[in-house]
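Only one chain is included here, represented as structure tokens and corresponding to the form predicted on its own.
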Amino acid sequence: MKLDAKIPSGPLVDKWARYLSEIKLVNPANKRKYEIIVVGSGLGGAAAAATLGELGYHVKCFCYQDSPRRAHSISAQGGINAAKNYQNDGDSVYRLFHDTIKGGDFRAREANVYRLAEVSAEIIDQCTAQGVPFAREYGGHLANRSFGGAQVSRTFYARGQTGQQLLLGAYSALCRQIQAGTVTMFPRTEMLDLVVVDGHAKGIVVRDMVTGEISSHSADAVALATGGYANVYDLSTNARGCNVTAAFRAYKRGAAFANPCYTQIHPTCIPVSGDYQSKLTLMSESLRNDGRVWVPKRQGDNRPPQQIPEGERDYFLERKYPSYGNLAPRDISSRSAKEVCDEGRGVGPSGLGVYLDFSDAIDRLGLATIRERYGNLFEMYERITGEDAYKTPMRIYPALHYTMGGLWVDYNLMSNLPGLHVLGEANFSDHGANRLGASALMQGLADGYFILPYTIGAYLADLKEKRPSTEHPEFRKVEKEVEERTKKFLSINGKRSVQSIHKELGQLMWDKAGMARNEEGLKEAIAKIPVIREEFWKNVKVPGDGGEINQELEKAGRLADFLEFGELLCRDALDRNESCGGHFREEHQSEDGEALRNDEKYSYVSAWEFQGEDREPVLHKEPIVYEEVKMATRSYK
């Protein structure tokens, strides 16, 4: 496998402009001759499908939700970053770029991140023109707030509903192209495999989730915008439907999977309350602008928070990281919360929680201001916990949230498999080992609106092969494999539910490859996951049949991929014998508990190649080379 990042030559600040001026183009009349498949209709997928349709391509867009409006991007709360410098506080493209590289603990690709920072300002203009109701200052200008890992205010927001409002903007653009006939939408349709013809990605095999029909679709290029894989841990902040299947199927067809061990723990989640939970609830990082994080100084202090005097509280983030305080990056904030809870100073029934306290902000700014900024988040918290966070501090604890790993892509957002492009969270390229808050929405829209429409054209302009018919033998072969796999799920007829096995896998992943990892635990997980996988294939119970709506069948297919992918994640975590960002190896930490990188040995992207069933994957390495950034110990103190 050859990993060529295809990074343009020349100075970093000129690479994207030079690339745009030199790429081959497809003329408008010829665009109508090409068909493109977009899988996923979140911010990346909807933006890409709408933009490609407006350019004149014929686009097929697939999503498993009943409407693109229900894509998981809708759940993003706090905001979207852009280097506009509206607050006149010293922000710039370079500062956003550097904060993103630093936040990712110097494990992201420099050229891709600089391009992301460059186009960030265009995203805000695009979304404002679409009518996205960003918050505004009194004078009418767009407002900004600060987020973790930055010392400037660059985050645009719509109360605590930023993802929903941005998705509605992208959805409106998508609907316009559906009406125009350039985009055909396939809701309630799940991609189950990728079709590769003569070494190029040429289509997908899908299942209609209502009728159960399995069918094939061919195209000149395929774009995956299918999100992340946090649900390998079962409990996460992701919607239950979020899965790794599309990306993992592509991996098994030849696409390299990069940095699967890079998972992000979000520090601001409502703590687990019992075994009955199917998912965890995120409270926006934006709350850390005005909320102060603390625990009692004394172990076992179970008094109500209002009864604990100021002098007996430990504002541990402010104490440990005075320069950033409560806005320290997510990985650092999460580990600090775990640390104080492990010391026996956690709060709440389980002892796994810390306080997020707004009393100082309410005294300083007034209740009306806090309600205006975060009202819907406070309402959500009260509905879930029954507690009024205006009067008593919220209780929060870290949880699985985002995944920085994904399919390997080059500068064109194309995988090593020609014709397969990957957008947003489904690719690896922009966030390194840890994502800064408000950067996910930025990447999804940047990839969909401003990057893929150019780079996919460069691929199509050089394309010589005609689009194959779905009657091509390779389509028939893959379709038959999907049908046989479906029949196998239904024929096992065991005694265990899909969810019980998923919960077993998730607990193992959290214990051995979660917020902290070590060699012994990772080796134990690698040994145990095949045992759980064997149990699944022998004893899972999938009721019903394939010719109808069957959610257990859908969940079984996704879990089957998680059971293989979880092992790949652990192998990657074991191979990376250092701590960096969200990948925290307990053997590699400083005296004060900070992550210790090993730049000499591990300054590379881990790209894994599938070798076949029951065979270990092969690791390929793309060196990380910085032209403008100097690697340094990451400090937020």
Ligand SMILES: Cc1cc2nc3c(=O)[nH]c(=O)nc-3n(C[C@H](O)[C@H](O)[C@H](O)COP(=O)(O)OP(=O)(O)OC[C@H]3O[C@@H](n4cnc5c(N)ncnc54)[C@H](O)[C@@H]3O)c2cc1C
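Since this is a predicted model, take the numbers as computed values, not measurements. Heads up: residue numbers just count along the shown sequence, starting at 1.
Heads up, the form predicted together with the ligand isn't pictured, but that's what we're talking about next.
When the ligand is superposed onto this form from its pose in the model of the complex, none of its atoms lies within 2.4 Å of a backbone or C-beta atom, and the site is open.
Listed stretches are 344 to 352, 397 to 405, 295 to 303, 368 to 376; the contact stretch with the ligand in the model of the complex is 397 to 405, by a heavy atom cutoff of 4.5 Å.
The three residues N231, I265 and G582 each lack any heavy atom within 4.5 Å of the ligand in the model of the complex. Put simply, A48 is far from the ligand in the model of the complex: not one heavy atom of it is within 4.5 Å. Although the partner is absent from this view, F62 contacts the ligand in the model of the complex, with a non-hydrogen atom inside 4.5 angstroms. In the model of the complex, the ligand sits within 4.5 Å of a heavy atom belonging to S75. In the model of the complex, at least one heavy atom of T237 sits within 4.5 Å of the ligand. Between the ligand and the residues A438, A255, L287, I501, the one pair within 4.5 Å by heavy atoms in the model of the complex involves A438. With the partner omitted from this view, the residue of A143, L282, A173, A361 that lies near the ligand in the model of the complex is L282 [heavy atom within 4.5 Å].
Contacts between 167 to 191 and the ligand, taken as any heavy atom within 4.5 Å in the model of the complex, involve T189, E190, M191.
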